[in-house]
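Okay, here we've got a single chain as structure tokens, the form predicted alone, with questions on binding and movement later.
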């Protein structure tokens, strides 16, 4: 019985891990290009969640429609925040960028509270389910995984097969060398920041397709913490590593929850968070570049 429950939770964890990975790719992209740690990562996920809620409840449209809408709106926010704040902080001390991104996150949270209120909200998107031997899998979760994989593949192709992607990779390798070769490094910074924010906001859509409840202005804090663990797990500068790091994290989170639930007198969800940060500490001590990071 326990093994059946564990297998079911691992299946759910693998799907959720794919969404976690996609939600972390924007964080890794921004750090890889700009060397900026976006501690306001979670509030951008919250923005995507509210876009989904608004499109589903007000416009009566499928959450799938919200994915490109959230990506475009996220890119717009990325350009606005880059040119209004982040552009002046390139090459600035880490504390300055940490405070700037933290402030942006607070601004987003309070703006969302002003518009949508502070109550927990959600929606119910019924599109069928698949009954597996070990678990029941709602189709909405499967769509979230498919969306994550498609976006990850699209990002990979864009990075490796387009001139814009080549320009971004050259700036990551050597920004001064790229500038000498005629690449507009300032534009690459702005474009990369916008794409990173666009991916993060779009991931908010996918996360609500997996967990369509608990949408509120302050929901992003937990996702920020998980994203940092996943980013370090996959190698902080690698968006692809972040995706596979998300898969590993999802398996660990859901698998450990099943095992912790067997222990009397403990709160299994709290222990999964403890385990997450314990893993983060071990990785930083043993392999600071991440399990999937480059040399």
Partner chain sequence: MRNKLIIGIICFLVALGFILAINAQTAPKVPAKVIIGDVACLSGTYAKAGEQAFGGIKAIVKWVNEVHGGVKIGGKKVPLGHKYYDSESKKEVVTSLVERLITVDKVNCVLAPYSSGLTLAGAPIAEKYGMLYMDHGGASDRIFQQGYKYIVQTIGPGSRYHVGTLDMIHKIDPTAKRIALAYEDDEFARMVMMGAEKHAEKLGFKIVFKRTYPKKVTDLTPLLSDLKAAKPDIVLGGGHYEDGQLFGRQMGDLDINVKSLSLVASATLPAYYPALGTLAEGVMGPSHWEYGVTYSPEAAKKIGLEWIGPTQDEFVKLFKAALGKDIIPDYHAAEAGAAVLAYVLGIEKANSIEPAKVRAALDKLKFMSFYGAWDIDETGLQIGHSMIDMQWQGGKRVIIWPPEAATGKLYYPMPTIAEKAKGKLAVPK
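Under this definition, the rigid core comprises the largest set of C-alpha atoms superposing within 1.5 Å between the forms. This one's a predicted model, so the numbers in the text were calculated from it and none came from an experiment. Positions refer to the first chain, counted from 1.
Absent from the display: the form predicted together with its partner chain. The rest refers to it.
The shortest heavy atom separation between residue 158 and its partner chain in the predicted complex exceeds 4.5 Å.
Although the partner is absent from this view, residue 257 contacts its partner chain in the predicted complex, with a non-hydrogen atom inside 4.5 angstroms. At the 4.5 Å threshold, heavy atoms of residue 276 stay clear of its partner chain in the predicted complex, well away from it. Among residues of the shown chain, residue 261 is one whose heavy atoms approach its partner chain to within 4.5 Å in the predicted complex. For the options 180, 136, 115, 95, the one in contact with its partner chain in the predicted complex, meaning a heavy atom within 4.5 Å, is 136. Of the candidate stretches 184-192, 144-152, 160-168, 125-133, only 125-133 has residues with heavy atoms within 4.5 Å of its partner chain in the predicted complex.
Residues of 2-25 placing a heavy atom within 4.5 Å of its partner chain in the predicted complex, in sequence order: 5, 9, 12, 16, 20. Superposition on the rigid core between this form and the one not shown places the CA atom of residue 11 less than 2 Å from its counterpart. Once the rigid core is used as the reference frame, the Cα position of residue 68 differs between this form and the one not shown by less than 2 Å.
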